[in-house]
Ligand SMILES: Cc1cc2nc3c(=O)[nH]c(=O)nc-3n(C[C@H](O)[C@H](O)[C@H](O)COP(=O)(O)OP(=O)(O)OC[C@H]3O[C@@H](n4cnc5c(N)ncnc54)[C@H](O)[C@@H]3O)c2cc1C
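We begin with a single chain expressed as structure tokens, specifically the form predicted alone.
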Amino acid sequence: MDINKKVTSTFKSLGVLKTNEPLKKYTSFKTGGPSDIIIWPKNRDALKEIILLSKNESLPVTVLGGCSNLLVGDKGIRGVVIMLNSMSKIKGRITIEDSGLIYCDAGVRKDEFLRFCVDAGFSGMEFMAGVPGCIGGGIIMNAGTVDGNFADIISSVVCMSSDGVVSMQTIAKEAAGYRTMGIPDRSIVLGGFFRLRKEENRKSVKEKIESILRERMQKHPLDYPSAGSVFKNPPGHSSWKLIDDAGLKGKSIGGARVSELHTNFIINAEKAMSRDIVQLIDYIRETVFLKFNISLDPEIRIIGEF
């Protein structure tokens, strides 16, 4: 996409900017083509300006965080990619509010948030142990495990609309769903307020976290690039078991392979391209449907041009 020099110059004043930058440098799959423009905003005002300028110039906008639950096409993403991760200036703020709630910016990584909460004497967030990515992504998809999810502990979310308007949205646990928080489409999550329990026995919290990490190391293929669980669990079923029972353990297309350790993981086993991964996703879905008449829906976000 041809973006004029004046627009690019303005973007440069609003944050750290790169052009034609390969997104495989940032995704946990280690795949993905270039973005026309990628920018890390220097503050919230800059983020608003980027959004409004992009809208005025009819430039598509894609907002990314930790890129850990993401598959980007080999031809990349057109328009403007806004990164709200640890390289952005909109990051790092975690505070204990007078109300007792903990506020955390969207760009903070889950492991950073976990360490802060443990050190401050809180519990309830242990399920995040070993889960990659940023807090913002965890909020949007209501990330979680058998030990809990974001909807269990979040009180409200700070969002910015596609018009640059910042607002607060109260989150009701019963309104959230499996891998969804019910946040309006095209909203940019800036941060969230969490309600956690005060915990005097920090040792027990640390031991629980260590136990979860050990279990993840034993069950998940952490030695290879991946995006974690690829498919949502259909009602009454586990995706990994359906894939395993379909005889797909170790199935490969190009450099992408179904993990032998956890069959709901697709790993970048040997210099995979995004097209290898998406073809393997399609093959798994087709095979499971033909064998069991059950549809598998991707949990990962698939974007860009393939």
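Residues carry their position along the shown sequence, with the first being 1. Since the model is a prediction, treat every value here as computed from it, not as a measurement.
This protein has a second form, the form predicted together with the named molecule, left out of what is shown; the following refers to that one.
Distance criterion of 4.5 Å from any heavy atom to the named molecule in the model of the complex singles out L70 from the list A256, L70, I38, I50. The contact residue chosen from S123, S156, S187, N233 relative to the named molecule in the model of the complex is S187, the criterion being a non-hydrogen atom within 4.5 angstroms.
Comment: 179-187 is the region of 179-187, 200-208, 162-170, 92-100 lying near the named molecule in the model of the complex, near meaning a non-hydrogen atom within 4.5 Å. The named molecule in the model of the complex comes within 4.5 Å of a heavy atom belonging to G138. The shortest heavy atom separation between S54 and the named molecule in the model of the complex exceeds 4.5 Å.
The named molecule is not shown here, and in the model of the complex it never comes within 4.5 Å of any heavy atom of L280. Using a 4.5 Å cutoff between non-hydrogen atoms, L84 counts as a contact of the named molecule in the model of the complex.
The candidate site formed by N20, D74 and G304 is entirely out of contact with the named molecule in the model of the complex, as no residue has a non-hydrogen atom within 4.5 angstroms of it. Of the residues in 141-160, those that come within 4.5 Å of the named molecule in the model of the complex through at least one heavy atom are, in sequence order, M141, A143, G144, T145.
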